[in-house]
Ligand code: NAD
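Only one chain is included here, represented as structure tokens and corresponding to the form predicted alone.
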Amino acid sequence: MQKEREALREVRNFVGGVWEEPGSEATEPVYDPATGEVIARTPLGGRGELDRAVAAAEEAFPGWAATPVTERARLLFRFKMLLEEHSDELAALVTLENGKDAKDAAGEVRRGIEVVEFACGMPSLMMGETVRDVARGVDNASYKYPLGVVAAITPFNFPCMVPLWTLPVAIGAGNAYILKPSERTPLSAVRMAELLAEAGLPDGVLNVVHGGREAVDAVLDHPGIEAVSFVGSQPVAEHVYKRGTDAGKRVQALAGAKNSMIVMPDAVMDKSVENIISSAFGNAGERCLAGSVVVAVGEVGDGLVERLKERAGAMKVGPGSDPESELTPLIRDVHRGKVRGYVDLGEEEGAEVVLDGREPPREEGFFFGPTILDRVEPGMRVAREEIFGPVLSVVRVEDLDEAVEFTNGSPFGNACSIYTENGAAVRRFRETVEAGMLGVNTGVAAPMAFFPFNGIKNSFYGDLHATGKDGVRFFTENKVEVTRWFS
């Protein structure tokens, strides 16, 4: 036990510029998903730890909000430089604690840095609006102000990128910020906090509090927190939104998904298949933009399934640290059991298991083989529920209208893609499909940092989305001024 403690990476809370020793003996093991070995233990804090973080943030907020926005932007430029310098280290941490391959991990870090780049433009993003002479001698103007103390609750599947969706925007706008990272993947958040402190952020502007559900509910209930951003599964997102708004907070809760990829008969098949495989099985399917259902239109079905089976069956399963690995492990063994249960269910419902990954392809770690379920019917649970693993369902339809009808029948509305060279089909798809992010010959329709991450329906709870100008609006409040001078 002593040797294990010595080998474990340290996970502590960061409050008021100080790394605190855990106040609770309760911990959550952090695994290397590729080996199953415990690499750290996350302290499971609660209201006491959060109270100290909120107090530190409240103390830091007035001075930080009064700091000129140009100075806040310069600090973000320094932070971006440090992220660039340590990008390989951050990517390696992501691979270690999440399991994804080095290429995906590097891409995650890059997409996070892009949000910092966007937030470096905060002097422009904080601009208000003015209209002179709205009446005789009367001018009207609006100004953006930070909210105060805000918080983010982030998931395990993007431990670097998702905190960076909100952190640079929130502090760039002048708020003090509390991060509750996933207890399953805390290491990336800890390192980013160290880099932000190195960049010169005043003590208390950023605080990191670790914990599980108790810490989440403490964030949602705390009267000192004005706004909460959340990313996670649909049931938890709904809980976060309802509990947070009941407590009078501004909440954005990004939830689950069941994303369709519609394949038209005129699709460029070789490139489409490669793109579909990447979307469905990248990061072991553990991402809310993963394409988890292929909708095969017309006569394309048999040939498409055969190509997908051949390509997926040839994927190299291995640890993210191996540059040859194409399919990496799931986050936990308990989650692997859940994914296996869905494949069992699909088979029971009548789907054809044309590629079966239920038998672990490697002895160590939490690996699950690539799996394809063919002839899935729209009413089956495997067609409607988020599996969050390397399982691809194939639904066959007659035409594009039926494909859109199937997609729109989902309670989720995160993303949908179409593979075609027909512009008229793309336009009909864009105008009729019910999803907030659309891909054309792109299986992962992830918007750039200056656009909103735009899920709809049960994929999002709230009014203002994360990233882009929506993100700035979420973390600011307007004051509108009407001015007249009697002299």
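This one's a predicted model, so the numbers in the text were calculated from it and none came from an experiment. One rule holds for the numbers: they count along the sequence shown, beginning at 1.
Just so you know, the form predicted together with the ligand exists too; it's not on screen, but the next bit is about it.
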(request) Work out which of H239, R340, R250, K144 lies within 4.5 Å of the ligand in the model of the complex, going by heavy atoms. (result) H239
(request) Go through T371, S417, S410, T154 and name the one with a heavy atom inside 4.5 Å of the ligand in the model of the complex. (result) T154
(request) Although the ligand is absent from this view, report whether S233 comes within 4.5 Å of it in the model of the complex, heavy atoms only. (result) yes
(message) Can you work out whether F366 and the ligand are in contact in the model of the complex, taking contact to mean some heavy atom pair no more than 4.5 Å apart?
(response) no
(request) Examine F453 and determine whether its closest non-hydrogen atom to the ligand in the model of the complex is within 4.5 angstroms. (result) yes
(message) My question is simply whether F388 lines the interface with the ligand in the model of the complex - judged by any non-hydrogen atom within 4.5 Å.
(response) yes
(message) Which is the contacting stretch out of 268-276, 105-113, 380-388, 321-329, given heavy atoms within 4.5 Å of the ligand in the model of the complex?
(response) 380-388
(message) Pick out the residues of 115-133 whose heavy atoms come within 4.5 Å of the ligand in the model of the complex.
(response) none
